[in-house]
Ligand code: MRU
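Quick heads-up: it's one chain on its own, the form predicted on its own, in structure tokens.
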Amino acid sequence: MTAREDLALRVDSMSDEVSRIFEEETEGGRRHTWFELCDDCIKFLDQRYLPLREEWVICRDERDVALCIKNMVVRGAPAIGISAAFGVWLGLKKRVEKGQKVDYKVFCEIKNVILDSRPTAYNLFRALQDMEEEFVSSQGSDLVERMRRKALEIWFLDFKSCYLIGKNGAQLIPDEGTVFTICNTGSLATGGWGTAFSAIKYAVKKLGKDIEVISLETRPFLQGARLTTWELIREKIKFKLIVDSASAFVMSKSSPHISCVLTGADRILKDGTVSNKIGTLMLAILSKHFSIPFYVLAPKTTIDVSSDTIPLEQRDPREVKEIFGVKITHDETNVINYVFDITPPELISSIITEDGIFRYPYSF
């Protein structure tokens, strides 16, 4: 059974165009840019070493997957959610093959290991919630297979969301001009074409728009410098790379020609408050000052309608004090290393999901 046949019974309104692209680009639901599914494991492309070298990490259970999420082998909210789903499947599969009892308590143990890996990305919580609902309804001899199919469904739905986000977002990009973006929002961060990156790709590849991308390097992990440029080169899309602190000056010199700013999101509250990579708030404030449209693109799985606050992750100070293991500060230097910031809804021109384009005041 192909991936399309496997999913057809479970996914409503599957577009022929999207399912065809999914089938072709993933080799029938077997691999994506940053992971490969095998019978007893999942292999992750270690994004910490891109673009200089490509190394793959093999994960055989939920602890391996959680470690890859925590250490940023895998990063990007949608990608984290997909990884979490397959981590649950591998954890259950391993126990069943060892003849161990698998009940709800065991499921919760697996879930909690993955849940503790990253606190901010809402897709992680949503994916684990979906897997839990499937587990509760899937007791029986086909439990492991049904959990695999659920994880595959979560992947496909993100692929579909990415394509539709790109199609919706591309409408907002003028036929020619300059687009700012931060971090990495492409296929390396998602199960498909990306979020903000998908709009860029759709605008160039499908609509023939003549745009140039300004990519922020995105300290401290340099996802823009290392990953977004890697994807832009692969897609043959024009771009220039700038350091984060150059944003204001570059905007001031180029503002008549800047079409918009496109970012992703790690969590969106029901009022349109957005948490995203550190530096996003800076871009939103600059966009307001220079009258540049500021767009956030994310799947609806990123929207948290039940919370009023967002947990913000502080990571290891060494990420700021070192670059690829080379110290650049004194050992006694104190560091504040917030890796996300919060952008208020009034600074956002539109939030784009697979369901369409939403404007302030936001109501999802």
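Residue positions are given as counts along the sequence shown, with the first one as 1. Values in this document were obtained by computation on a predicted structure and should not be read as measured data.
From this point on, the text means the form predicted together with this ligand, which you will not see here.
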*Decide whether residue 223 counts as a contact residue for this ligand in the model of the complex under a heavy atom distance cut-off of 4.5 Å.*
yes
*in the model of the complex, does residue 148 have a heavy atom within 4.5 Å of this ligand?*
no
*asked:* So in the model of the complex, is this ligand close enough to residue 81 to count as touching (4.5 Å, heavy atoms)?
replied: no
*Exercise: residue 201 in contact with this ligand in the model of the complex, heavy atom 4.5 Å*: no
_Output flag, 189, 264 and 277 jointly within 4.5 Å of this ligand in the model of the complex, heavy atom basis_ = yes
_The chain here is shown without this ligand. Which stretch in 232-240, 83-91, 135-143, 70-78 comes within 4.5 angstroms of it in the model of the complex, by heavy atom distance?_
70-78
_this ligand: the contacting residue among 126, 118, 160, 219 in the model of the complex [heavy atom, 4.5 Å]_ = 118
*Could you work out which of 114, 183, 283, 131 is the residue within 4.5 angstroms of this ligand in the model of the complex, going by heavy atoms?*
183
